[in-house]
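Given as structure tokens, the chain that follows is alone and in the form predicted alone.
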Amino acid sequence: MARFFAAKIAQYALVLLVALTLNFLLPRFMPGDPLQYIVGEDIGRLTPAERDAIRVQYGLDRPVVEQFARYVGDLARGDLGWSIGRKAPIGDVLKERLPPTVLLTGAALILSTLIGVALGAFAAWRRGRRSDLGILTGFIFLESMPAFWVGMLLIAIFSVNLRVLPIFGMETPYVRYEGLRRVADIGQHLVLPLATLTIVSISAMFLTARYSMLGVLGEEYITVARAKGLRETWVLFRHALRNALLPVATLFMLRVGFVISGAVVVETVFNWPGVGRMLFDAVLARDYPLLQAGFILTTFAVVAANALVDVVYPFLDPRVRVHG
């Protein structure tokens, strides 16, 4: 087991090194002046002296190896750089944008998992019947629906026609609510983006739970449990569902890695002030330092989620411990 974890640590360290290297080299080795990917379109307005000052500021006048060492050292100290578009430290920008994203994507992940697993287990238990085919058809249809279309449809129904929910943002503009009133206001604004993100992400959980459940239901210990005269609900929840949750748990933990990267499409449609919307605005503004920081943040989160899977999975499946 110790060798297993040592190998995994080395593997993830290599992945992070490659990701950091690519993130560092891309702006510098792309055609043109590297300053174009830092300053953006305003580079044509800079004087030669101003360009030299920016090169010194970002260390572009140094050898590439020295620049990379400085880059890694800054990241190790938590210094993600300076946002050109927002004129602020990138760390401060992320601190502002992370809570809304975690609230939205985290809630959507939990909802899609709970609903998807419950309906997936029910559909597998009723396999081949009308209820199973109906639920399966519905989720396959949901899987084909683009997020922006679902969001616009919900806006048209609940915001434009019924006028019961706000269209965009996280809070009502030009109003400063406090306490429970602020919580209620954020909750109202959360409903539509949360519903949209849950709808477009629930199918994967449902299909994974259903097919995993179908595989478990064919095992001999399920037949033995039924032969003992156990109630069907006991067989379903105590024996079948418990063992069918292993692939679902893996998918859940892998998706945790993308929670902090946000949902670019959904956050853009609803103008939700999260990381996804920040990355979209950074693309429009050509704020490359901010984009680089967003990519690095996502990379670290995904690698951490994969590492969490490797740590937790042996406790979920004893066969992994035996193999290790």
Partner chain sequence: MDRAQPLAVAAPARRPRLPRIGVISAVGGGLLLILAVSAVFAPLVAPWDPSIATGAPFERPSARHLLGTNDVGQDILSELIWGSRISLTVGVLAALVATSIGTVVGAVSGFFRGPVDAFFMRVVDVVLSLPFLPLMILLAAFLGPSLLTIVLVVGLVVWARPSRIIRSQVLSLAGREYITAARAVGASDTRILVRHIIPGVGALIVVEFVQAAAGAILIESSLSFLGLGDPIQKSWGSVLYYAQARSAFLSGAWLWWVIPPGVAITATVLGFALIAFSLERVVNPRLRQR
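Positions refer to the first chain, counted from 1. Note that this is a predicted model, so its numbers are computed, not measured.
Just so you know, the form predicted in complex with its partner chain exists too; it's not on screen, but the next bit is about it.
- With respect to its partner chain in the model of the complex, the three residues T233, F237 and M253 uniformly fall beyond 4.5 angstroms at the level of their nearest heavy atom.
- Out of the listed residues A107, I115, A249, I167, I167 is the one that sits within 4.5 Å of its partner chain in the model of the complex by at least one heavy atom.
- In terms of contact with its partner chain in the model of the complex, the residue from L80, L217, L98, L245 that brings a heavy atom within 4.5 Å is L217.
- In the model of the complex, K87 stays away from its partner chain, with no heavy atom inside 4.5 Å.
- For F68, no non-hydrogen atom is located within 4.5 Å of its partner chain in the model of the complex, even though that partner is not displayed.
- Contact check for T172: no non-hydrogen atom falls within 4.5 Å of its partner chain in the model of the complex.
- By the criterion of a heavy atom within 4.5 Å, Q11 is counted among the residues contacting its partner chain in the model of the complex.
- Partner proximity in the model of the complex, defined as non-hydrogen atoms within 4.5 angstroms of its partner chain, places exactly one of 99 to 107, 174 to 182, 191 to 199, 134 to 142 at the interface: 134 to 142.
- In the model of the complex, the residues of 152 to 170 lying within 4.5 Å of its partner chain by at least one heavy atom are, in order, M152, L153, I155, A156, I157, V160, N161, I167, F168.
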